[in-house]
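Presented as structure tokens, the chain that follows is alone, the form predicted alone.
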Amino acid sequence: MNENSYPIINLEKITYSYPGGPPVINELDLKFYHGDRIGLIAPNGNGKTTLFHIIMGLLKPASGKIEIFGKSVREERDFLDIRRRIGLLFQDADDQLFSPTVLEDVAFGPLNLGRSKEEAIEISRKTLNFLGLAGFENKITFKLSGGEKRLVSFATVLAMEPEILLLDEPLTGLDNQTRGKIIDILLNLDISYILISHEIDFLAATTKQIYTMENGMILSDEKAYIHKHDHIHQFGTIPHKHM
């Protein structure tokens, strides 16, 4: 039972199609409350990333209602405050990183939120240290490995001190040790989030509910199923990978 009487993200009957294609999101409903930690798992092309982009106002649905933080949001100006309060980790780190150096990329968010240059640098250094990236400040972003780019992307999101996280495949390109660190970080963050991942073990370790998407809608699967590799857990009908 959620303590809050109203959802902080409320989507009702959302429909979205890419040009010339069928609906990717089809009359989708979602209510997300403070304290929720939700996992989304489904094959590619089922609308998971599209859903995140609709929440952030990067895509505009053909129909439906969007309410975030108790306010109806429709126009681009309505989403400006949303992007300050919700942190989105893109699926592709190259879509998130655009500055020459790591420190400039991580400091961009705090600076954009009105922090002084000194404050932004301090926040950025602390965030990089928190993620095990001390000494990366002056590294050239485009020369980083895929896993390093992923961690720096995560740092750019955390440095903005968001109220909600939307993380799209946060483990991509990370080794097992770093994956374990990300799990520990998520478990110890006092923040609500939605995670997209193909890895069921990761979602089971970090979320309270796991849903899938099919025919443009969010579905739940709470039954237990035995797999060929001789173990049993919830959400067995959803296509997934193990860590």
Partner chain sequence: MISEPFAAGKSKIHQVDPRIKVVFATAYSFIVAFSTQFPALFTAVVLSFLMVCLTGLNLWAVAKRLVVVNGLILLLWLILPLTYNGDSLLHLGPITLSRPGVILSAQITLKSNAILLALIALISSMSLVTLGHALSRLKVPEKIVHLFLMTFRYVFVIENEYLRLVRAAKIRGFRPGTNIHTYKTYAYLIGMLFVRAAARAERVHQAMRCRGFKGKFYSLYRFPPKSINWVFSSVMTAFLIGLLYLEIVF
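For clarity, every value in this text was computed on a predicted model and none was experimentally measured. Positions refer to the first chain, counted from 1.
Unshown form predicted in complex with its partner chain; subsequent notes refer to it.
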| item | value |
| --- | --- |
| Per-stretch contact check against its partner chain in the predicted bound form, the hit in 24-32, 61-69, 48-56, 206-214 (non-hydrogen atom, 4.5 angstroms) | 48-56 |
| Contact of Leu133 with its partner chain in the predicted bound form (heavy atom, 4.5 Å) | no |
| Thr127: touches its partner chain in the predicted bound form, heavy atom cutoff 4.5 angstroms | no |
| Any non-hydrogen atom of Leu151 within 4.5 angstroms of its partner chain in the predicted bound form | no |
| Heavy atom of Arg74 within 4.5 Å of its partner chain in the predicted bound form | no |
| Within 4.5 Å of its partner chain in the predicted bound form, all of Glu161, Asp175 and Ile182 (non-hydrogen atom) | no |
| Any residue of 90-128 that, in the predicted bound form, places a heavy atom within 4.5 Å of its partner chain | Phe90, Asp92, Asp94, Asp95, Gln96, Leu97, Phe98, Ser99, Pro100, Thr101, Leu103, Glu104, Asp105, Ala107, Phe108, Gly109, Leu111, Asn112, Lys117, Glu118, Ile121 |
